[in-house]
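A single chain comes next, written as structure tokens; it is the form predicted on its own.
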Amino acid sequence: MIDVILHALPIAIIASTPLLLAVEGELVVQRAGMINLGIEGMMLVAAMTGVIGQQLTRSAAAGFVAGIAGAMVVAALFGVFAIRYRADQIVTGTAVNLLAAGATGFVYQALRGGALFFVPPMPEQVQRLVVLLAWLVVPAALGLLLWMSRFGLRLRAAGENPEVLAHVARYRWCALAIEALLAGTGGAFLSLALSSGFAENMTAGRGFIALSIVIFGRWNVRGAIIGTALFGIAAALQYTLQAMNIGLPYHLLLALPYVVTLLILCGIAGRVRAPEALGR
């Protein structure tokens, strides 16, 4: 079994990179006091705009920029209602997800007759760079930003005790922009590197899994990496076990990473303390 896990580990690292970027972005937002269920929609729109950007420019870098731009638009929509008008964040995030799923599905159906949603394989050097950024550079940068800077102290104050902060909205907008940057990169990586194209609802619940991993990780960077790694290993194992043809039904193996996530959350239920002003 250890050999199987070791064989699945490289696959797990690459396959869970989009998820880790989403987890890191959601961690920042929740530290600022917001619950953004719309992160699923952000990744989905980024996956589509990333493919469109690369198709129009023939550049992977432009594809990532377009993916981030798409996520920024979705983040701005969420922020207008959740920050500016103080609408319920859960309802707003749900509406954003429904809108993103409907809009991307409409565009996909309208254009699926052409080759717009297929891109050539991304160069391995670019893939490795994104993986390195997600697993090493971004965690280190977030650790320094959130816990070793004045900006990070104030951003966390927006999630713990916003009454003592003069410009809560400003720091929450900054957190939302950071999340859009990371989730947009993750969504673009999903379509440009892992799938070589766009398909309807291709994020497959990664945004919601990111929310649960933030809770599992107790709202810190180290826990986020561990939680993502566990989910990634479970996801890679299901592919490895399918290839081994061990006799288990395909759909049961497909559910393996989600079952692992539920078991993890059940194991820590009631043992974590969320930011005091989360969701307010």
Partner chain sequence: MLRLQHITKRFGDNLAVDDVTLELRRGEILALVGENGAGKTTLMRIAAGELAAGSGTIHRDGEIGIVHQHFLLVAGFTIAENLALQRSWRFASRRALEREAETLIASTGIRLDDPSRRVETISVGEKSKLELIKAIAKKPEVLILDEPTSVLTPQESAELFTVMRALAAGGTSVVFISHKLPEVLEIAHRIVVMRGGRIVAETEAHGMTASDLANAMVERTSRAAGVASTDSSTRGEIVAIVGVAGNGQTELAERFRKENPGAALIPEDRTRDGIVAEMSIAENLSLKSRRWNRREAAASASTLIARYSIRATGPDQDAGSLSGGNQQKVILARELEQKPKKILAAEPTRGLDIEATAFVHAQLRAAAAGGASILLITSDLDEAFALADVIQVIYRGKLSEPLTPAAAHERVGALMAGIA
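The model shown is predicted, which means the values in this text are computed figures rather than measured ones. Positions refer to the first chain, counted from 1.
Here the subject shifts to the form predicted in complex with its partner chain, a form of this protein not shown in this document.
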My question is simply whether Glu160 lines the interface with its partner chain in the predicted bound form - judged by any non-hydrogen atom within 4.5 Å. yes
Verify the contact flag for Arg172: yes if a non-hydrogen atom of it lies within 4.5 Å of a non-hydrogen atom of its partner chain in the predicted bound form, no if not. no
I'd like to know if Leu136 sits close to its partner chain in the predicted bound form, meaning any non-hydrogen atom pair within 4.5 angstroms. no
Quick one: does Val164 come within 4.5 Å of its partner chain in the predicted bound form, counting heavy atoms only? yes
In the predicted bound form, which of 70-78, 194-202, 143-151, 103-111 comes within 4.5 Å of its partner chain (heavy atoms)? 143-151
